[in-house]
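The chain below stands alone and is given in structure tokens; this is the form predicted alone.
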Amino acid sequence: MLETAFTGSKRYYLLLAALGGLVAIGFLTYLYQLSSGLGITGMGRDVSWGFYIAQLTYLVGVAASAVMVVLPYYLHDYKAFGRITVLGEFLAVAAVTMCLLFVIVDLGRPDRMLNIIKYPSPNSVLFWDMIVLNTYLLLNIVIGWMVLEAERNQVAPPKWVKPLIYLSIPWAPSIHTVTAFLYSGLPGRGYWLTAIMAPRFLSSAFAAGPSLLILLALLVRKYTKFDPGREQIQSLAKIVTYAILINVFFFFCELFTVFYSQIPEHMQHFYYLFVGLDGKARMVPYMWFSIVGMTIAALLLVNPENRKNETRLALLCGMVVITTYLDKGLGLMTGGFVPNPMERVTEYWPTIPEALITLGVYGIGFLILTILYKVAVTVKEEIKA
């Protein structure tokens, strides 16, 4: 099937060229970082995780959301999702690949990544994060490819694939849960020290991931002969609605707990993010846009008419993707580090090299996604013909 990725329209090749250009820019900038060190980034002693790990946090959620199409199709026999299940699985492949690449660029020296294999420590949450991410990547590659190949040949998938499918269902939320534990297990960081960090991660994941899948499905319908289906998109829209409502609810639960209890070290993080602290307020407009925009999108999605109108649905899904990105990306990262445990406010902002390397990693991810979607859509078109 891979041969279908090498044939396509002029638009397809232009897209690949544009993504290749982003990859080249990101790679050259990474070589500069590799020779100069992480001093070219905005990170430092007080903020040791930055823009790279913020992308990891968000993209793990996008990857985990594939379960929202896999579970209904395989466990509840919701046949409609059979048209888009492979699209969700291939989205997970691209997202997890980007997650792993962001870990590599954040390390400064990629050879340090081998230390986690040479000196495994079961007491380390990072050790388990490595296991769940790599396993989930392998599961989605194998399952997505084997099921698609069987569909192309109009035969049942091999019997050994089914246990892997069942394994991937609980594995999906585990990757985001373990990532959440990386944060909530740090007692010196009040913003992260909450028992509902993992549920908040999952609720935002199950809103952002399906939202992105809806947008991709609409693009596939527009630019190819394959239609993912209106019923499928509407079902995903309902999942987005419930998930984003829960995510907003969780945020206000956090807000009540922090300010009703009046614990100063917990309140300071919220003050920094939403009103500023010690005259430093770089994140304030972004966080207000995130929470207000997320709440408005959640309320508008409750109305079935807004979901049925695919133009409005696309706009609302775009809003969900952007607002959850700000909340669970840079907002979560800087909110936990600023102020530090000694109440010192050291503001962080990504530098141009960080932004270019990040674009390069996204270029790799979307290059992989484009090729995988090209293969999947070609097979679907062949079957229809």
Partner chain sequence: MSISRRDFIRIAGLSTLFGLGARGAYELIAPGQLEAKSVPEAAATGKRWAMVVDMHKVDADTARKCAVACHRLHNVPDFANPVNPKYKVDPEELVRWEVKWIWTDHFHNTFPGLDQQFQQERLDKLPFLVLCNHCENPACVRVCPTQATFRREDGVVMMDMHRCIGCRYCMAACPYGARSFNWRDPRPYVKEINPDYPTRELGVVEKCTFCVERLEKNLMPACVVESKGALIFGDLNNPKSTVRQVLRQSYTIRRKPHLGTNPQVYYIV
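The structure presented is a predicted model; accordingly, all values stated were derived computationally and were not measured. Residue numbers count along the first chain shown, from 1.
Although it is not shown, the form predicted together with the partner chain is what the next lines describe.
Colleague: Among the candidate stretches 336-344, 60-68, 355-363, 312-320, which one is within 4.5 Å of the partner chain in the predicted bound form when only heavy atoms are counted?
Modeller: Comparing against the partner chain in the predicted bound form, the contact stretch is 336-344.
Colleague: Is R112 close to the partner chain in the predicted bound form, meaning a heavy atom pair under 4.5 Å apart or at it?
Modeller: Contact check for R112: yes, within 4.5 Å of the partner chain in the predicted bound form.
Colleague: At 4.5 Å between heavy atoms, is K159 in contact with the partner chain in the predicted bound form?
Modeller: No.
Colleague: Is there a non-hydrogen atom of K118 within 4.5 angstroms of a non-hydrogen atom of the partner chain in the predicted bound form?
Modeller: Contact check for K118: yes, within 4.5 Å of the partner chain in the predicted bound form.
Colleague: Answer with yes or no whether L330 is in contact with the partner chain in the predicted bound form, where contact means some heavy atom within 4.5 Å.
Modeller: Contact with the partner chain, no.
Colleague: Could you tell me if all three of G37, I40 and V125 have a heavy atom no more than 4.5 Å from the partner chain in the predicted bound form?
Modeller: Looking in the predicted bound form, the three residues G37, I40 and V125 all sit within 4.5 Å of the partner chain (heavy atoms).
Colleague: Looking at P187, P163, P285, P170, which is the one with a non-hydrogen atom within 4.5 Å of the partner chain in the predicted bound form?
Modeller: Looking at P187, P163, P285, P170 one by one, just P187 meets the 4.5 Å heavy-atom criterion.
Colleague: For the stretch 75-106, return the residues whose heavy atoms include at least one within 4.5 Å of the partner chain in the predicted bound form, in the order they occur.
Modeller: Stretch hits: a single one, D106.
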